[in-house]
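Read on for two forms of one protein chain; each stands alone as structure tokens, with the labels structure 1 and structure 2.
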Structure 1
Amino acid sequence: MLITRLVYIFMPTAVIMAFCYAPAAAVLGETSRLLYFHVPLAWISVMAFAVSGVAAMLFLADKKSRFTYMEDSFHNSASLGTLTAVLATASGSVWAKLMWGSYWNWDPRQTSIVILLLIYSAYFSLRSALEGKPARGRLSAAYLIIAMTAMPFFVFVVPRVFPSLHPDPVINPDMKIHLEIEMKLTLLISVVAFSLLYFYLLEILNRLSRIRNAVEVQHHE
């Protein structure tokens, strides 16, 4: 598969570039190399949420039962999103301790990822409460769509509630990455590599779900 080959090319390239090619940032020093792992993980946690939402919409809009597998897709994407959100929070906290002196500062981005984790946690709580019920797929899909509707409002509110500590080079009002060219390139490769990894893992999880469903059908027969 093409995506598998691309992951095997891009992931080692991203790791090598992060440690050998990109220079250490002027003020942040060697800790700046966390950027190439922390930012892609945070990006994937949000992308996984968007993918879950879109898959949930397709699942609910599907009147002819053509996309029944979408239930597994949005659930698997939410699982990956949770994992990456936890990893992004952990890597961000370590970096915050090194740079700002404490693990947690209620910076807008920290707050946003906590909210994302709360949504994922609520989704999994709902899903476990619906275990064994035929409406589980529809109800959990509906919840994801409702949570996705509330998301743009967070983007508006959170920066007004909490002042930002995140550095200007990556997150700034003019929406440009103010980094040296080597750092910018490494970050770009890293984001692409992690995005490919996400789709690769999602495909594996979807295949596992299909196998499990087929085994369950055979078992019932």
Structure 2
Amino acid sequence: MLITRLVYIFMPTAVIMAFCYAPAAAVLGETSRLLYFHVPLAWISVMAFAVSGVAAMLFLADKKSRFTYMEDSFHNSASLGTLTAVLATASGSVWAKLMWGSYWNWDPRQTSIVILLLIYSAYFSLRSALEGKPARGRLSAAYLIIAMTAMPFFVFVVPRVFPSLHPDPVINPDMKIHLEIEMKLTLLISVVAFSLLYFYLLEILNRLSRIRNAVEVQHHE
């Protein structure tokens, strides 16, 4: 499978470049290497939540039962999005401790990611409460669509409205990345590698869901 081969190529390359190729930032020092893991994880969480919302829309719009498999897709993508959001929060906390002396400062970005995690945690609670109910899929899909529409507000708007300790002036005050060419290339490779990893894991989870569904059908027969 092509994506599997690409993951096996890009992920080791990204790790090697992060620690051996990219130079340490002049001000941030060796802690700047967290950038090549924290940013891709944050990017994947946003992408995964967006994919789950789109899959949920396809599921709800399906009138001829052609996209019933989308229920597994939107659930699995939301799961991966939540996991990577947690990992992005954890890596960001390590950065905060190293740079600001505290793991948690209730910075606007930290606050917004907590709210986002609460929104998606509520989705899993809702889906668990609807176990065995006929409307489970449609209600879950509707919730994810609402969550997807709220996500850009917490990811892109709130952190830029209020003063933040987050190093945006270093990274993107004018929508440009002010990094050395080696650091830009490493960050790009890392984002590509983690994106490929997301699609790889999503495909694995979808396969497992199909196997589980097939086993359940045989069991009921």
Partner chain sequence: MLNAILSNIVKDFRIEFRRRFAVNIALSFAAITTLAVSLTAGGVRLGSQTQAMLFWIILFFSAMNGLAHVFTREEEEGTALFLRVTSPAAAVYTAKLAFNIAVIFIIAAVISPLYVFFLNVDLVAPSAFAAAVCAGSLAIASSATVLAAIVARAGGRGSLFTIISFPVVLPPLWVAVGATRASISGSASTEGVIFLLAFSGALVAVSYMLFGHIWIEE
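Residue 1 is the first residue of structure 1, and the numbers go on in sequence order from there. Whichever C-alpha set is largest while still superposing within 1.5 Å between the two forms counts as the rigid core. Predicted model, so just to flag it, every value in this text is computed and none were measured.
The form predicted together with its partner chain is represented by structure 1; structure 2 is the other form.
In this overlay on the rigid core, Arg109 has a C-alpha that sits 2 Å or more away from its partner position between structures 1 and 2. Once the rigid core is overlaid between structures 1 and 2, Val86 does not reach a Cα shift of 2 Å, moving by less than that. After superposition on the rigid core, displacement of the C-alpha of Ala150 between structures 1 and 2 amounts to 2 Å or more.
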